[in-house]
Each structure stands twice: as C-alpha cells, then as structure tokens.
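Next up: just one chain, as structure tokens, the form predicted on its own.
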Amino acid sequence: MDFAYNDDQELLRGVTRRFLEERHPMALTRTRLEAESTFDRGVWRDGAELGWTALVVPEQYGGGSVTDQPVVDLAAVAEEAGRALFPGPLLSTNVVADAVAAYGDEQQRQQFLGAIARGDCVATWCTTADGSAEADAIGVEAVPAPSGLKLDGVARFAHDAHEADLLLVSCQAPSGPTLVLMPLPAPGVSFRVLGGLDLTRRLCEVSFESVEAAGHQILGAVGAAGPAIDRAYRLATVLQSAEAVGAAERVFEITVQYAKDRRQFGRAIGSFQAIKHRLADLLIELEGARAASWYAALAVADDRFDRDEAVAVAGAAVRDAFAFIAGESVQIHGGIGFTWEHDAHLFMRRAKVEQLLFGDPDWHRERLCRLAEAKAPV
C-alpha cells in the first residue's frame, strides 16, 4: 500500500498552497474576523477551477478527480485549506456533492452536480440540533404533506448556511431518517449567524417553519437515509481530519521558528532542553495524526474492510492532537501567543471548535469500541 500522496496529488497540494498564499493569505482572513461573513465567492470560484469542488463529482456531470482515489485527492486539498485556516465551506460542499452523486436520482444529479463542480452552487449540510452525530439529535421533523414533506425544526452549526445556495437537510420522518435537498432561498427557511470561538469562519442556526419539500427534493427514499448519513459522516470526518492535520502542521512550523528566533539569556529558547522536549512531543503528535488521517482517507477511498475503524481512529485522535499542538504553541510563545496580533490563538480557536463537530472524540472512541466488540469472537 502506498501510504503517501503520489506525484499528482503532491502537485495538487502545491498548486492549492500557492493559490491560497496568493489569494487568501492569513492577512486577508484577519480583515474579516469581525465581519458577518468571511466567505469570498470570487476566491471560491477560482478554487473550483482548481478542482476543489469537482473531485467527488462524476465526469459525466462536469467533475473529475486527479487520480482514481478522489477522496484522497480531496484530503490533499483539505490539508492545505486547514493550513491556511481557509474559511470557505470546502468540507460541507463536498459532503453534499458526494451524497447527491451517490444517492441522488438523475434529475437531482443533473440539477446540482455541475453547478457545484463549477463553483456556482455553494452547498452545506444541516446535521443536528446540537452539532453532534447522534441520530436522535436530529432537530428537523418531516411529516407527510400533499406535495411531499413538511419540515419544522432547527439545525445548528451549519457552515456558511447564510451564504449557501443549497442545503442538505437531515430530517426525522415517522418512518426514519430522511435527507432533503433544499435550494435557497426558500419560504420558511431562516438563518442566524452564531457567535463562536472560531473567528475565521461562520456557523449558522437554520430554522425551518412549515417548509414544503416536494417529492423531487427528497434524496433517496423517505425513512431510508441511514446509510447516506453514515457515508456523509465518514467523508466529513476524513476531510475534517485532513484540515486539522494541515492546521496542526502550520502552527507547529510557526512554533519551531519562534523557538529559533526568540532569545533569552543570550540564547535561542529552542536550545533549552525543556523547549526541545516539548517540540519533540508536538512532532510525535503531528506525525501520529498525519498517519491516522492519511489511512482513514485511503480506507474510505478503497472501501477497505477496516474503513469504519480507520475513520473512528481519525475522528478520535486527530482533532485531539491538533488541540494539543495548538495549545502548546500558545504556551511556548508565552505572552505574545495570547495577543490578538499573533496567529497562534486563531489556530487554537479552530482546534477547540473542531473537537465538537461531526461527533466529538469521545463519540468516535465509543464507536471504535463498538466496532471492535462487534468483530470480536464470541
């Protein structure tokens, strides 16, 4: 097994890194920290031309991947997005595109996939009322209506929902979990931008009040969306882990450089044994997180027998590692690490929020235990 990116994927990473350094550097992100929106459609469309939104879209609908492992290709892009703390809904848009490609009918694929691949349609996923991955936390109820379904309820922490053109809504119908595609604007759908710890991106509360969803908007069959939701969480965990690895790598580089530059008692602080040991611990955490993230992407891309276990390991370990690295970075920087002017706190804010979305690390550890128990010999 090739446990690293190949030449084409490394090229994709390099192009993405250069693009973000030129078009969306941290200095630009900082100018929008207190704005209602941090999203730039011009940058998003140009990123789509690089393939950001087309990798999981089949070729016949205007997409195409770099290799025969589109999930791994997308993970390479996600690493670079995380490294730059890119605010756009890269994860959620690709989760929606993958769901439509895998479970949509021909009309739905024709209607949405090409627009997503071109960057003309920004999509986001409305998961649960509390942002967790628990099925009973779905906060939107779907009841039968003459035209199809009527939606009522709330979904929270939907990435850039107020900027989206399309919502993928997780609903609870009487017969079971259901997914609905909701083009925007739509009567009865409203948004509230939530204040949060992560200042680089915007998460929203989406409210549904007697919202009519026609039959052609239902993704798959009513009450049978369990496998589709599981697939969406797998891809979301893989991409979130990749973003975390990229961000952790960048904040580690910043910290190492600071340890070389900052001098105390006539010496660089990186020459002190206490700092050396802490940096070594951070590197071990980073490489472990990278291994877990890469293997999860490979396992999902190749549909390996241990796919679910690999995703659970990544979901449990990678974001905790990112939070540890970001926290230690602030400590090693000392007083300047707590200031508004330094970037260290932005990475720590992102890391703490990442730990709560799409199933927190405890949820993934519990899932891993259940998977292991189910496969254990009696």
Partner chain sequence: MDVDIPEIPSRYDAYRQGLREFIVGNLPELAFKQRSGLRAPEDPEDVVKLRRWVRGLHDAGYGANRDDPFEARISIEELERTRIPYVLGNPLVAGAIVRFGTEQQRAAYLPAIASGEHIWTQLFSEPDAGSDLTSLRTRAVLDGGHYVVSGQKVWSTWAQFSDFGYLLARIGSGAGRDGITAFILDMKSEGVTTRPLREITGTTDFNEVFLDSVRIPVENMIGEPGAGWSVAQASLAHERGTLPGDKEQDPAGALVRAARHRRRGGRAAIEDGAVRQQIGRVAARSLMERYLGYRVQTRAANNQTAAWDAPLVKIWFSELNLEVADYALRLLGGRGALVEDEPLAHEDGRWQDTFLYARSWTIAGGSNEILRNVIGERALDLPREPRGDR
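Positions refer to the first chain, counted from 1. Predicted model, so just to flag it, every value in this text is computed and none were measured.
What comes next is about the form predicted in complex with the partner chain, which is not displayed.
Of the residues given (G148, G114, G223, G270), G270 alone sits with a heavy atom within 4.5 Å of the partner chain in the model of the complex. Within this chain, G188 is remote from the site of the partner chain in the model of the complex, having no heavy atom within 4.5 Å. The partner chain in the model of the complex comes within 4.5 Å of no heavy atom belonging to R201. When the partner chain is considered in the model of the complex, E21 lies well away from it, no heavy atom lying within 4.5 Å. Not displayed here, the partner chain is kept clear of R109 by more than 4.5 Å at the level of heavy atoms in the model of the complex. This chain is displayed without the partner chain, yet in the model of the complex the stretch 306-314 from 340-348, 22-30, 306-314, 35-43 comes within 4.5 Å of it by heavy atoms. Taking a 4.5 Å heavy atom cutoff to the partner chain in the model of the complex, the contacting residues in 344-378 are D362, R365, E366, L368, C369, R370, A372, E373, A376, P377, V378.
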